[in-house]
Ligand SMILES: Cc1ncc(COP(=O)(O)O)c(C=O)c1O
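Only one chain is shown below, in structure tokens, and it's the form predicted alone.
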């Protein structure tokens, strides 16, 4: 055991040291990888020292999201207190359905959920931890559907068409979830966005009115708070005026942008959030918490229990309902994903989060200024968060991203903005240096 822990410590130390590595990324094709690292499983086991050696090799060739050359997704960096708690979570291996089994971890989860609700302007609200933002959105859609059709949960569909609404810039999980719920993918209304990528409220009102006239039941409107490509925020207060007029559930998908609530300037983008019914907030994105760590928060503290609650005598054998989250969570057996967020929040406090987000926003502003200063590059629009979308004259963004990866220069993504494929740079790693952003831009321009 001591040797195993020593080996694991060395691997962990290499990963932490690698966050400061400025060397090129090492990438193998799938064919090269299986030739270099034996990944196959067989009838006979191998000694533990060989298992650890293969683990080390696998880690070596896995993309490092804390690398200063990683700009590809909406998550990056490593909050060290959270990483430490994540390691202990696996060793404890408790399931989060009852206080009887998880003890103080239930109290920690309740503290985290309560704190996030207060930050989100849901002072009396509550929520659940879920395995990702897509699942948080799924739960929100269930809540909206069940509120629109109170008999739905017990009796099933009465045959009426159920509709949902999200901007064309919203997350694909809304359409996917409609297919899972059985309400139909075709009954998700893609609402036009304005010239900055925000939901058009007039188009929303028109779509809802048309559906009501045709006998459909509008179940929920999803306002996207931090779109995947541009990082834009739907006009939540204006959207809320529409949903309140028609008594429709309003869900704010802040999977990406929710963290902005912890920054004095960032939270202004959430004007009207107190009027929403629910909020998705992924801590594993801009907060730097190890995957997975997502929350679904609700203004009404009882609505999740009303719409999803179940009980079982063989499992819930004591303690009040608040201490038995398994009665209302999406899962029964559930990994402890809030301990790491609690550790990070304990380490940083609200002030530390604000400082961390401020660094991310500073990096985004620096990148935007750098692009403006280069005649061969241009912004698609001024960034409002940590997403910077830009084009390079004479360079196809998708091909350039592949070339940068193959050369070991950087992992950076591309997206489509107003039917044009462009670079999408994300500055969610606050440990990045301005000089490292300069290195990225120099590598891109060398491709010309």
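Residue numbers count along the first chain shown, from 1. Remember, it's a predicted structure, so these values are computed and weren't measured experimentally.
Below, we refer to the form predicted together with the ligand, which is not included among the displayed structures.
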Heavy atom to heavy atom, is residue 98 within 4.5 Å of the ligand in the model of the complex? no
Quick check on residue 228: any heavy atom within 4.5 Å of the ligand in the model of the complex? yes
Residue-level contact is defined here as any heavy atom of the residue lying within 4.5 Å of the ligand in the model of the complex; does residue 289 satisfy this criterion? no
Does the ligand get within 4.5 angstroms of any non-hydrogen atom of residue 77 in the model of the complex? no
328, 284, 269, 370: which sits within 4.5 Å of the ligand in the model of the complex by any heavy atom? 284
Contacting member of 137, 259, 243, 167, with respect to the ligand in the model of the complex [4.5 Å, heavy atom]: 137
Looking at 129-137, 304-312, 86-94, 329-337, which stretch has residues with any non-hydrogen atom within 4.5 Å of the ligand in the model of the complex? 129-137
4.5 Å heavy atom contact with the ligand in the model of the complex for all of 171, 224 and 255: yes
